[in-house]
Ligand SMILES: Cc1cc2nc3c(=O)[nH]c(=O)nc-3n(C[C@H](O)[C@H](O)[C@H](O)COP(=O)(O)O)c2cc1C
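A single chain, nothing else alongside it, follows as structure tokens in the form predicted on its own.
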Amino acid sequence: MTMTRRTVLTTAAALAAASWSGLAASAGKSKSIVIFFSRTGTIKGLAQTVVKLTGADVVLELRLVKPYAANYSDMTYIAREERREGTRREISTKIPDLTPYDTIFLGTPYWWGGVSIPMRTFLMDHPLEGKTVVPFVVSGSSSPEGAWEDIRKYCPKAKVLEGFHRTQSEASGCEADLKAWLQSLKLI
């Protein structure tokens, strides 16, 4: 098959246009990451559901250098003391460069009036300036207001959207509620 100059130029123009439209489409797509701390696996389950529903690019679990005590009562005592004293908990997870991410989903248990100590440590080190922050929280029975306050406090230059909250007993069967929440925020 012989290609004329016109055919070559027409083909090149068509390829360039297709490539440009693909770049334009991907440039308009928001990149998102789900970052969570989960001691019992409940938040991890919600994080996996958020990834499934939103198509988030990455899911990142905050792991600790020194894990909490296995016994629940011991752990809650330690966490209460850490919260009262403003203690940090060293995170062993390597945190990637968050610059490419527009939307950050944050999952955390609710401990003693706010976000978990590992999540607080993460937010103190990464205030998520200019990001859209989408929090989801599980508590034993408490209202999540202290968690929302913590997130606004540690992310003062982020856009914090309405959070999702369920109690521990409600969390396992809440995928439909989680989906409705994400739809209400126009994230899916």
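Residue positions are given as counts along the sequence shown, with the first one as 1. Please read all numbers here as calculations on a predicted model, not as lab measurements.
Unshown form predicted together with the named molecule; subsequent notes refer to it.
- Stretch-level contact check against the named molecule in the predicted bound form with heavy atoms at 4.5 Å: of 140-148, 153-161, 125-133, 57-65, the positive one is 140-148.
- None of Thr121, Thr49, Ser32, Thr42 but one reaches within 4.5 angstroms of the named molecule in the predicted bound form through a heavy atom, and that residue is Thr42.
- Though the partner is left out of this view, Phe105 does not reach within 4.5 Å of the named molecule in the predicted bound form, counting heavy atoms only.
- Interface membership of Ser172, defined by any non-hydrogen atom within 4.5 Å of the named molecule in the predicted bound form, is ruled out.
- Shown alone here, Ala79 lies within 4.5 Å of the named molecule in the predicted bound form, counting heavy atoms only.
- Under a 4.5 angstroms non-hydrogen atom cutoff, the named molecule in the predicted bound form lacks Leu98 among its neighbouring residues.
- In the predicted bound form, the residues of 92-114 lying within 4.5 Å of the named molecule by at least one heavy atom are, in order, Pro109, Tyr110, Trp111, Trp112, Gly113.
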